[in-house]
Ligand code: HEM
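Given as structure tokens, the chain that follows is alone and in the form predicted on its own.
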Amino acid sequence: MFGAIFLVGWSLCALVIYSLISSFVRRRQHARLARQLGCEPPPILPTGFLGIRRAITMMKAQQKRQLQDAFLNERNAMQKMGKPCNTLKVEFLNQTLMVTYDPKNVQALLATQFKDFALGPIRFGGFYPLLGTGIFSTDGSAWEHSRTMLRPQFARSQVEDTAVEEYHLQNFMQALQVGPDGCADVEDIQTLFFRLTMDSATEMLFGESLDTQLSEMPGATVSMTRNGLRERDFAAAFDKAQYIISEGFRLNELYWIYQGRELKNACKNVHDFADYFVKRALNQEFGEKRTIEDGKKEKYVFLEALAADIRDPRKLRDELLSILTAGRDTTAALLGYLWYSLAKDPVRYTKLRQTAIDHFGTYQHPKPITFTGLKNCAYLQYCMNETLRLFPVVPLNSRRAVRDTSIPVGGGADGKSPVFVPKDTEVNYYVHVMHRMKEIWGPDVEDWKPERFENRKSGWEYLPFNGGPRICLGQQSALTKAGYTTVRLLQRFERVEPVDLEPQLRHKVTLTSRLYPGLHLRLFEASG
């Protein structure tokens, strides 16, 4: 018995000694390689014992819906200490990671040193319960295959088709009931935007819309034909799953703590609902290709097109849900933030409305609203660009080093030397902070000022849709849908007023960011 205890004790001691020696050797190797690369250490963000203080700060900020403000506060605190503040070393729950806001480093992560970084196991493990092996969770050859399969589905010919948008836009307009005073009092227009984009996205992806806008109208009945699940239940489960996954990501390596029964149930509801459409596509039960209202043009269905190349039902579902996540949330969040900004700025609202009418006519007598026309409507583009600058829909992101490497700047006393990044280090980049740096955007950085994009050619300091090989495939689709919806609203309503705005803007951050708790507007209908 004594011999067994002695053996176990000796084994533990040997393991500890081996770990200490390995750590010492690894640190020496890293120091030598860092010197060879000309690297200097970055400033260290004070986070308290084991980073617990920072973890608590971030949890409280998320509960108050002020997570983006917490990121800004960290940089401001380092500035006040007189230290370089665009790249930081952070201890977080006994994990060492990097945080950067520097455009040069972001460019390295996403483009020039693309092969040195990947999404990594945290992203894959966190997304897997909902999105499986879809394009937003995989790396390497699996990601390349997904990209190859999905890219043709975002061809310009698909983005240009606005006929479906108008159908769902009219359902959206029905929800904006105008009273005898000519005003539509909309308690939360952001919710209506999310229903609009869910309906539009599912029409394009599934082949038929969930019609959540119509199902929420007074007196509407809700069908239960998709594996016994209602449309509204699918949407609720989809939101719930995204929220839980995002909460797990705040814990970095400990993301799995949030992957309990609640997440499993939400994902099961989402998957069961999507499987109904996947099965139909694989069994070719759609019959003849449907046509849009003019009876001439073949209706495009993403799932049917993708099923021609992907026959694995699980893989097909993973890609379908990945694109739905991006297609619905990005456009709806952009619309919410855009109309929040317009409602607070009546002068620019009037200017944009007149621009829209000049280009596209009135609500009752519209001119064709095309992809090209929207892109050529410069002031509309400026307004959307400025909205995405102040309120990027994906405010934070990350990459993981797949080998010992470096990033271009952030080290040393002046912050201009390269920074050594050991293998398996998470590097977080905060787009929200980068978009609000005075040294890039000027002293009026906090102001919504669309004119700042006039004659501006943006680089890596402006990143609303990511960049490099993994740049968002659907960015033109999102901008087209948001622009189309905005033009039609501008045509119909000559004035807009915000109601009960909170003194400080708050955000609900899941996999994307949106206004919290919503947006109450009064919209005044134009005469004639």
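One rule holds for the numbers: they count along the sequence shown, beginning at 1. Computed from a prediction, not measured in an experiment: that's the story for all the values here.
Beyond the structure shown, there is the form predicted in complex with protoporphyrin IX containing FE (HEM), which is absent from this document and is the topic of what follows.
Listed stretches are 325 to 333, 344 to 352, 89 to 97, 449 to 457; the contact stretch with protoporphyrin IX containing FE (HEM) in the predicted complex is 325 to 333, by a heavy atom cutoff of 4.5 Å. Contact check for 123, 465 and 478: all three have a heavy atom within 4.5 Å of protoporphyrin IX containing FE (HEM) in the predicted complex. With a 4.5 Å cutoff on heavy atoms, residue 147 counts as touching protoporphyrin IX containing FE (HEM) in the predicted complex.
Using a 4.5 angstroms limit between non-hydrogen atoms, residue 379 is distant from protoporphyrin IX containing FE (HEM) in the predicted complex.
When protoporphyrin IX containing FE (HEM) is considered in the predicted complex, residue 397 lines it closely, a heavy atom lying within 4.5 Å. For the chain shown alone, residue 473 is a contact residue for protoporphyrin IX containing FE (HEM) in the predicted complex, at least one non-hydrogen atom being within 4.5 angstroms. A single residue from the set 143, 277, 258, 363 has any heavy atom within 4.5 angstroms of protoporphyrin IX containing FE (HEM) in the predicted complex; that residue is 143.
The single contact residue among 173, 251, 135, 310, judged by any heavy atom lying within 4.5 Å of protoporphyrin IX containing FE (HEM) in the predicted complex, is 135.
Residues are counted as partner-facing when one of their heavy atoms sits within 4.5 Å of protoporphyrin IX containing FE (HEM) in the predicted complex; in 363 to 396 these are 388, 393, 394, in sequence order.
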